[in-house]
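Form predicted on its own, single chain, as structure tokens, below.
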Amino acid sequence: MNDDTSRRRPYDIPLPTPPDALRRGPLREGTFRSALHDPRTAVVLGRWLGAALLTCFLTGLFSHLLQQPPSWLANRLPSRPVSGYQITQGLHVISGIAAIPLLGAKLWVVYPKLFEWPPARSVGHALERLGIAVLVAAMLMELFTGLLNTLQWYVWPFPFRQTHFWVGWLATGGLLLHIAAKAPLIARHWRRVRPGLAQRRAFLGAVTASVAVVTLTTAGQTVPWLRHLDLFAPRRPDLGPQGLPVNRTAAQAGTTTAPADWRLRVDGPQPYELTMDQLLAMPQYEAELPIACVEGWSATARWAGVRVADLLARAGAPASARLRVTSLEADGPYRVMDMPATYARDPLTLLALRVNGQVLDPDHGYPARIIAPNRPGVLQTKWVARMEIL
């Protein structure tokens, strides 16, 4: 009872080795000769890729919390800094795009492992390889569906936002487990320099250059001082009606023309309705705020209109009241939007009637739209018809 088999863990049970006659093509020993298929190169790329993916995950998590916060968090979400969502979502898309060439380089370095012999030495080794397959599949799906989302090109039958959220957890959890399993190997090669240094430097330099190119030519949709390099980003933040991009036009929303008898209805303890002339007769305020969308683009504009807090006060709303805003839009996932009290009471949150000194274009939400600090663009409801105090 003192032999090794008595102490062997169940997942260390060895599996039968396939016959050598099956070792053909890339399965043959010595097929992969490049010195770059080594642990040191994989560790260096892994550090960069891990940083990009974790940045992408954390900023994406913040975006999801803003869009659909749990009830216990809803009234604790901050409305400051004003540009918080603009920065975090910009980082989300920038780090996600940068991760694509990094993931490609990392997979090229380690892909000979796909053909190692025997394919599975033990039950534990087979489970490890299965986990890596799930991790790689989740990363590829997360990055490429995210990239297509920046183009608003949905070629799949499943809902993007919910799928992106849960696959993000799967990819991040798999990444952390992979790091834990490979921790001894990573520690050995974290600083270790192996033969082939010049070749490795050239390869890593090429990867760095590719990441820099895709970043510099797409980040301009968020970073103003890179705008002149914005060659491949799906949006130019200065192009569109009144100098602002549009994701969903009035025609797409079915609100090309506002009703001639349009009135803003505010429901609460003291409900009332206001015509456009009555809204314009109320105290008007201006706020310079960015509008930032989940696709990664953002643009700052000068908005003017009535403070939402003043409209709530007129309806007798308590300080802790949430607000529900309904659009004239006939259909759409964001036709109805709930706003926590921290945003509804913020003095910069406006029912905007003008932008950059002009009456709102129909594509920007005429007759009235919401604009608030540190909020995703999908929650800056356009074509507002009703406000309801909750």
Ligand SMILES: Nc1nc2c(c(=O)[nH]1)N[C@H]1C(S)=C(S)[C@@H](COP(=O)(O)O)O[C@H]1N2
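When you see a residue number, it is the position in the sequence shown, counting from 1. The shown structure was predicted, so the numbers you read here are calculated from the model rather than taken from an experiment.
The following text describes the form predicted together with this ligand, which does not appear among the structures shown.
- When this ligand is considered in the model of the complex, Y85 lies well away from it, no heavy atom lying within 4.5 Å.
- D363 belongs to the set of residues with a heavy atom inside 4.5 Å of this ligand in the model of the complex.
- Taking the partner from the other structure, this ligand in the model of the complex has no heavy atom within 4.5 Å of any heavy atom of P373.
- This ligand in the model of the complex comes within 4.5 Å of no heavy atom belonging to T342.
- Proximity to this ligand in the model of the complex holds for none of G96, E142 and P234, with the criterion being a heavy atom within 4.5 Å.
- Only one segment in the set 264 to 272, 242 to 250, 305 to 313, 155 to 163 has residues whose heavy atoms sit within 4.5 Å of this ligand in the model of the complex; it is 242 to 250.
- Contacts between 354 to 381 and this ligand, taken as any heavy atom within 4.5 Å in the model of the complex, involve D363, H364, R369, G377, V378, Q380, T381.
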